[in-house]
Each structure stands twice: as C-alpha cells, then as structure tokens.
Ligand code: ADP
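Only one chain is shown below, in structure tokens, and it's the form predicted on its own.
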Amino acid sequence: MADLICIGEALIDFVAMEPCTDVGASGGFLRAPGGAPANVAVAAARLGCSSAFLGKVGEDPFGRFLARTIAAAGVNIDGMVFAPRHRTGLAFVSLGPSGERDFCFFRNPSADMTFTPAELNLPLIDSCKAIHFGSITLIDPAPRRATLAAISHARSAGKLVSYDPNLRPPLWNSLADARKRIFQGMRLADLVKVSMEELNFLFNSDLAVNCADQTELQGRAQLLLKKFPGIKLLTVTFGPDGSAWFSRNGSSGRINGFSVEAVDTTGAGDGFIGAVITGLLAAGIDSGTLAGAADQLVTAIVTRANAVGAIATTTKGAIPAMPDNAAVDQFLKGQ
C-alpha cells in the first residue's frame, strides 16, 4: 500500500558523457533509470512519503533493471507490469553547457505504449491518498485509456490528483494534439505543475512570457485557473530562477531559486513536484482542503521543493539524483 501512486512511463535515459547540443555527436552515454512518473515516485519515497509506481516495461534486462532500481529506492512496484513482446523505452539525452537537454527517443512501440486498463492494480489506487500522472501516457490509445481509468477511479474516491504535462514535442504527432491532450489532463487535476516553457506553449502565443514579467505571468496563471476550475493549486517552475504558486483562493507566491552547479536538469521538475506532493500529504492536505491551504504552508512546501529540484540538477540522471531529507536539510542550512 502507498500514500502516493504515480502512473505512467519508466524508461532508460542514456545521458551523454560530455556536453554537446546534438545527441548524435556524443562519444559515449551513461545509463540512468528515469521516466517522469517513476522519478516522482522515487523523489517522494526518498523524502519519506510511501509511494508506488504503476506502469509497464519490457520483460528485458532494462525493464528488470528499472524494477530493481525503483524498488531499491523504497517504491512499491506491485503495479509494475512486464511486457513479453515489447521492449523497455529508451531515451538518449545530450546535455548543453548548462545542463539543457536534447532528446532522441526509441519507442516503436515501447512497452509503456501498450499499458491497458485491464493491467491496472486498482487495490493500490484504493489505498492511496494522492495519484500523479503526466501527458506521455495520454499520447497513445491504450495507455491513455489506462491512465484515464486510473484517474477516474481515484477521483471518484476523492483522492488528490496531481498532474505534470511534461511536454516532449518529438513524441507527439502534432503540437495541436499535444495541447489538446495536455488540456484533457488538466481538467482532471487538483494540483498542476508546469514549466515556464510549457506555460507559453499552452497559450500558443507569439508573445513568450518570461518569469521576470510578473504581471503577464500572473495573468496567464489566472486564465489557466479560470479555464480549468478543478485546479486548486498551480505551480510554475522557472529552472534556476525558482518557481511561483497560484491558489484557487486568490493567493500566490514567488520563491527564488538556489544557485548550484547544474550538470543535468533531467528530473529536476519531477523532484520538485514529488516534494510538493510529499509536503502537502505530510500536512494532511487533500483534494477538499487544497484550495484553502495556508499561504505560509504552501510557501514553505514550495521553497523546499525548489531545493529538491536544485539538488537534482547536480548529478547526471534523474532517479540517481533524487535527494533524501537529510541531504535537503543540509543543503538548506548552507543557503
């Protein structure tokens, strides 16, 4: 049983060994377990929240490696399914000088693209307090049905629903389809995390807003809250510049980032939202009380989440970089 369920993809990131902007130009790669929902489950587990992962990998060496790694991090994998005829998804990632990424995916189809509603572990969902998902499993019909069935099951029981679009344009047939499906996910969520780049994408505007434009940022956040009345708390991440939060009750806050020497930004957002969910659950916040959460509490939770995201950029790979509470406490003491 687990307080947090993360449903979606688990895959292997092959991270370029040296900085380059073209993933095909790298001379070598480091194998790193990843996949956004799996990253969130690990981040939460390392921060003291009981978590479980629901998803599908190949019955192959990479799939078994992912299962061992996720389980070793303290995540329940009873809902992990192994596909005998499809391989585990792979992603090759190049890193620029400041940790920015370029992706090349191998999914033709990968096991996660064949996850079906019949393969859902519903008792795990029944036991949880919150469920988290992303948009990648909304791309293809089978995992879309499975994801929506899981979220519907959780919502009907009053569970807190968390969502991170985690936009990866190369995986979508078109950006219009990506926007449509991402909006579909937002209609189901209580808690949403978007990056600044994703916020600009969702508005499909020629005018790109940056985090320094407080008025326009506030306006776009309020428009999203108006468009999706189910969202009770919206968080927007700015990479090294920190993040902001916007509540259904009209409150908002801006928290500065932490200065670190970033080597790989993969998983930073996953660490951030994993920390936010963990903080909310630890404070006894659920779907019914999220909109009324005290400003001071939300600010404290998001500040700690910023620290988790920052620490996650200092190590290559996503899952290997997720810190525990002792590391976060030590980091914050040094600020």
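These numbers come from a predicted model, not from an experiment. A residue's number is simply how far along the shown sequence it sits, counting from 1.
Another form exists, predicted together with this ligand; not displayed. Remarks below refer to it.
- Site test, Gly239, Phe272 and Asn306 vs this ligand in the predicted bound form, non-hydrogen atom cutoff 4.5 Å: Verified in the predicted bound form; spot residues all in contact, yes.
- Sort through 154-162, 176-184, 260-268, 115-123 and report the only stretch with a non-hydrogen atom within 4.5 Å of this ligand in the predicted bound form. The contacting stretch is 260-268.
- Query: So which of Ala52, Cys49, Ile301, Ala310 reaches within 4.5 angstroms of this ligand in the predicted bound form, heavy atom to heavy atom?
  - Reply: Partner contact (heavy atom, 4.5 Å) among the options: Ala310.
- Query: Only one of Ser110, Ser94, Ser243, Ser135 has a non-hydrogen atom within 4.5 angstroms of this ligand in the predicted bound form; which is it?
  - Reply: Checking each option against this ligand in the predicted bound form, the one that comes within 4.5 Å is Ser243.
- Task: Using the partner position in the predicted bound form, report whether Ser252 sits within 4.5 Å of this ligand, counting heavy atoms only.
- Result: Contact check for Ser252: no, nothing within 4.5 Å of this ligand in the predicted bound form.
- Item | Contact flag, Asn200 vs this ligand in the predicted bound form, heavy atom cut 4.5 Å | Flag for Asn200 set to no.
- 4.5 angstroms heavy atom contact with this ligand in the predicted bound form for Ser247: No, Ser247 is distant from the partner.
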